[in-house]
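Before any questions on binding or motion, here is one chain by itself as structure tokens, the form predicted alone.
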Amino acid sequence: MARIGLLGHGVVGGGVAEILLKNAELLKGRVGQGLELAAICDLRDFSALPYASLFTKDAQALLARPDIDIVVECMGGVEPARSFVLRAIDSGKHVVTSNKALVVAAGEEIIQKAAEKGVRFLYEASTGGGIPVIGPLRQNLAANHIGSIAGILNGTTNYILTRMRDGGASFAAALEEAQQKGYAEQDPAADVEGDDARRKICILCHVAFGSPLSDEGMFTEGITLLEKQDMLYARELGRSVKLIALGERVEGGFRASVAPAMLPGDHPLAGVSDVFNAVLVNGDMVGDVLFYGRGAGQLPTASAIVGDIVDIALHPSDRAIEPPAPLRCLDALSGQVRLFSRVLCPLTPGAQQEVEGLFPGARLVTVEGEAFAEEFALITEEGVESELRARFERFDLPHGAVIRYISP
């Protein structure tokens, strides 16, 4: 019997409790022993629940119980989650979390402490909700040098971009709709500004490239500057705009970033719509592998957490799977790209001359219709991204958001 203590009974924690209780017999049959939910810590009142007797408001008492084998942290945030997780590990308990902020801020410390104590610290649910990515990267794809990881890692932004492209909604209207449906928080900054996706790609780069669990210095750009006209240009070009979290192995190290990208229609990520997430992994032996599913939500995320619980119950003594020898993190804007941007004035000879003065190899794009009569778009020649972006800063013509234009 493996006994589980749960810290936090919010959306995800409630899902973990539901799975452990509802599918208890299924889990027992697959693991060969029971997975008993022994205690839940939450400061709120859950006296109406049929398992109300499991609740406590005293986290320290839960962590001190010698009969609890695995602690599941579903509190969110860095503190007090960090302190509670370290206390659990000090007490010889395994820990499972979905808390990406905790993993990025304190993951190195927690991993080291878990190794010292001979327990396991797993966090599959921190990067793709119900999509298994970390486990396959560490085990099933262990024979590969990972060349790149490109992901749609935030369901909120993907829903907003889908509504802007297919429904013709403005950013503000699509965001409001996402909030009404419960896909976006009342304060959506972490999603729409790219912070959530940045933390997730940081974790995936750690697993794939051995990089430190630190997202400092990663180039991050959200979707707040995008307009529905950008989506219409993309559609005219047979493309889709997605917020792409990217980690790629290059000579001398790796690059990592989060930024909007205009993907060709046949790109594996171009058709990922609504709140769905996907991660495209390239390995030198296996080629491209696509992981697709619900990247957030109560039961998908809880499913990944319970998967980690099952892993620990089956293999409690497994040593931590070491990441590869670390690669050096390089300037995220040092790669070769093309960039897209709307130019917010008519395509006059003077405007064309201005464009060609800064972007001599640019392709100019016009779209029929009254809404586009006073503007056009440009796609730059291929060049070093930092240099191309610097040219836009010197661009005298008013222009919109700058979007990566992914070849071909």
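Numbers follow the displayed sequence, beginning with 1. C-alpha atoms forming the largest set that superposes within 1.5 Å between two forms make up the rigid core. Given the structure is predicted, the values throughout are model-derived calculations rather than measurements.
Keep in mind that the form predicted together with L-homoserine is missing from the display, and what follows is about it.
Residue heavy atoms within 4.5 Å of L-homoserine in the predicted bound form occur in exactly one stretch of 211-219, 76-84, 148-156, 251-259, and that stretch is 148-156. For the options Asp284, Glu227, Glu109, Glu185, the residue carrying a heavy atom within 4.5 angstroms of L-homoserine in the predicted bound form is Glu185. A heavy atom within 4.5 Å of L-homoserine in the predicted bound form is found for exactly one of His206, His94, Lys100, Arg198: Lys100. In the predicted bound form, no heavy atom of Gly194 sits within 4.5 Å of L-homoserine. Interface membership of Gly295, defined by any non-hydrogen atom within 4.5 Å of L-homoserine in the predicted bound form, is confirmed. Of the residues in 64-95, none comes within 4.5 Å of L-homoserine in the predicted bound form through any heavy atom. Once both forms are overlaid on the rigid core, the distance between the two CA positions of Asp266 between the shown form and the other one is under 2 angstroms.
Once both forms are fitted on their core, the CA shift for Glu116 between the shown form and the other one remains under 2 Å.
When two forms of a protein are overlaid on their rigid core, residues whose CA moves 2 Å or more are considered shifted, and Asp318 is not one of them between the shown form and the other one.
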